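One chain comes next, on its own, written as structure tokens: the form predicted on its own.
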């Protein structure tokens, strides 16, 4: 088996590395740049290069290039701390959902803005009391004439304060088993009845938001897929979220800074670096296998579990390397405070272990809480 890169892939990586370095020089370095680096001008630059939607099918405006090309570009951009957040969620998740399950009218209306780097999207998924358990969500959309009326609350909604649209996961039918009756709606964030409250986290970031929906009217034409049968759609969407390179390289830029400072003459430090580098390469193989469609169905849970726990190990290494500086304000302190969120966002590690046990290994289901 040949794991080497092709000449074209090596050239693409070199180009992406140069673009990332130039972006960092102009816009600044951002830790966890796929979620904290909001920079629409850089998104438009990438769109002009044809790098947004590079692996989307050509019939939907993409370049139709292999998914591994997108991974190579993203690994270099995020790994350097270039600010990709304003388009990241839309390109990673919303676009593929719309061209897979959306109507022709929805594809014509929404995909061009994503490809141009002009539209920012957020995902209305997590709720208070439901957390990572989508089957427990309670935000309701009730049919009313030619549309829906939405009421409920979402939380941990990244980019909610700046997004143009929310891709809303909601309940349209409360009858039947918990996994039934779930639908997906596209909701403009300027709709009357939407209130956004940013949440400032302990690391100083404010990308998370609470989003409240009070009698928000949404046209029925904004329904994506089949009403009440979206659970499988949402699970497919999560495959994009959990199996991507962003889950491996969130704090890689900070790691590079620590590596420059580390005492590599110390045998223990060298051993820890060797372990981190080994895990990074293993994580990259898992991510690339997801991108190439070679991973078993549902295996993105295992990929995210491995990669985000690697990121937490990186954060520990960074803290030990910078020592007392970790206690001061700045990127290092912020990185340490933020690190625990890696294994929570997009499904906690415990939820993912249950998924691996039940859906991949076929072990008995966890007993329901009493």
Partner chain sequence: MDFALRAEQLELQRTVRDFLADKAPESAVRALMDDETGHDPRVWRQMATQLGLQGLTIDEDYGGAGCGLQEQAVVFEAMGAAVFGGPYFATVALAVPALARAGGSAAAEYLPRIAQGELIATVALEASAAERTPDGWALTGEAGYVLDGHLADLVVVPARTAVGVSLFAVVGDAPGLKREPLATVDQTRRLARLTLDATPAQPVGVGGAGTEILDHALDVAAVLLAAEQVGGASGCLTETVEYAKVREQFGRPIGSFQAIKHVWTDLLLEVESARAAAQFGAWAADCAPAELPVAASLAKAHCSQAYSRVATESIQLHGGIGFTWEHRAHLYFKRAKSSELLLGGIAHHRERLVQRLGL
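Quantities reported herein were computed from a predicted structural model and do not represent experimental measurements. Positions refer to the first chain, counted from 1.
There is another form of this protein, the form predicted together with the partner chain, and it is not shown here; the text below is about that form.
- Each of 281, 356 and 361 comes within 4.5 Å of the partner chain in the predicted bound form, counting any heavy atom.
- The partner is absent here, but in the predicted bound form a heavy atom of 302, alone among 315, 54, 30, 302, sits within 4.5 Å of the partner chain.
- For the options 105, 275, 195, 144, the one in contact with the partner chain in the predicted bound form, meaning a heavy atom within 4.5 Å, is 275.
- In the predicted bound form, the partner chain lies farther than 4.5 Å from every heavy atom of residue 240.
- Looking at residue 337, you'd find every heavy atom of it more than 4.5 angstroms from the partner chain in the predicted bound form.
- At a distance threshold of 4.5 angstroms between non-hydrogen atoms, residue 270 is in contact with the partner chain in the predicted bound form.
- Taking the partner from elsewhere, residue 221 is found to have every heavy atom lying beyond 4.5 Å of the partner chain in the predicted bound form.
- The stretch that touches the partner chain in the predicted bound form, counting heavy atoms within 4.5 Å, is 281 to 289, out of 210 to 218, 281 to 289, 88 to 96, 73 to 81.
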